[in-house]
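The chain below stands alone and is given as structure tokens, in the form predicted on its own.
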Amino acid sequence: MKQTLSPAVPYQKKDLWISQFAHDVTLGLSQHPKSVPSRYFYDKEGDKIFQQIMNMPEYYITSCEHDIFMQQGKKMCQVFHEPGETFNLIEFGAGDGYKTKVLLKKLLEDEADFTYNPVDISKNILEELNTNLKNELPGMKVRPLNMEYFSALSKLSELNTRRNVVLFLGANIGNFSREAAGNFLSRISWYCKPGDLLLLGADLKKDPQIISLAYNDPHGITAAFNLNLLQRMNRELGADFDTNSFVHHTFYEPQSGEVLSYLVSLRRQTVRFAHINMEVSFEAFESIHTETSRKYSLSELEELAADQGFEVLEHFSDERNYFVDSLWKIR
């Protein structure tokens, strides 16, 4: 296979995130096999499509976690803080806050003294969340942070010595390999203090058919979400992807617990990137890996926690045991 990759020219726009996007696309499409990080799903259009995914009947993750918070959120919130104690509630990958608002309302009902710090790489979704919170929960202290997770955690740790309660919800830990998940959690432990808490959402291993439908639904919404990554490269990097010549493909491997997602080229073709002076050639049926979503057993989560210096306080699961929010304390 012949592939031409000219040296990348930094995208001439006053937007660091666009430049990082160009760098990561250049790197990922120069490798064999090709890949693009899943975090780039989330531009304005990607955010909109993901809202549709969360409302699909096949995508059980959102409804399961919402039910956990509705039924068991008060108990969670009572562990977050001692009476009269102030704390930071830090949410990584906050999104639109649909589920988190359940916890926020329960904390306000308990007259908890906290500042909510939603952290997200999508400026668009943070602005929407901040506006909605001002309307729905007026008076609550909110400090949105449009930055990478650990930049935000470092910034907050430097500002005060209050307890940190970190939320990493919605099965986002599944986007990491087992080794990367361990590294990620060890960094949370390093930036936080003994006694700080982590509420970790994780999708549990279950009937493979149920999992498969959540990532390849019959409505074509998950396919549109994956294909939007090509459209984003067209919009922001001047690429000329023909999205009709790529298809969305996923499969679930039950032993490892991984759902693997790809964009597969249906023909031999060359894609040009005008803004970064690059050409990428594809063979027929060559793929771009776009996402890994790992499912866990409870024993695997407990092993992960112990390896990184956390104590598991409690598992909060939905009635079908499809999903778990696991509350950990830093030793």
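Numbering starts at 1 and runs along the sequence shown. Everything numeric in this text was worked out from a predicted model, so none of it was measured.
Below: the form predicted in complex with a small molecule, not depicted.
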- Which of Ser212, Asn172, Thr115, Gln72 has a heavy atom within 4.5 Å of the small molecule in the predicted bound form? Asn172
- Message: Considering non-hydrogen atoms and a 4.5 Å limit, which listed residue (Gly182, Gly93, Pro144, Pro208) is close to the small molecule in the predicted bound form?
- Response: Gly93
- Message: Residue-level contact is defined here as any heavy atom of the residue lying within 4.5 Å of the small molecule in the predicted bound form; does Arg272 satisfy this criterion?
- Response: no
- Item | Contact flag, Ile121 vs the small molecule in the predicted bound form, heavy atom cut 4.5 Å | yes
- Is Tyr42 close enough to the small molecule in the predicted bound form to count, meaning some heavy atom within 4.5 Å? yes
- Query: Within a 4.5 Å heavy atom cut-off, is Phe282 in contact with the small molecule in the predicted bound form?
  - Reply: no
- Item | Residues Ile221, Glu253 and Lys295 all lining the small molecule in the predicted bound form, heavy atom within 4.5 Å | no
- Within 4.5 Å of the small molecule in the predicted bound form, counting heavy atoms only, one of 28-36, 42-50, 299-307, 264-272 shows up; tell me which. 42-50
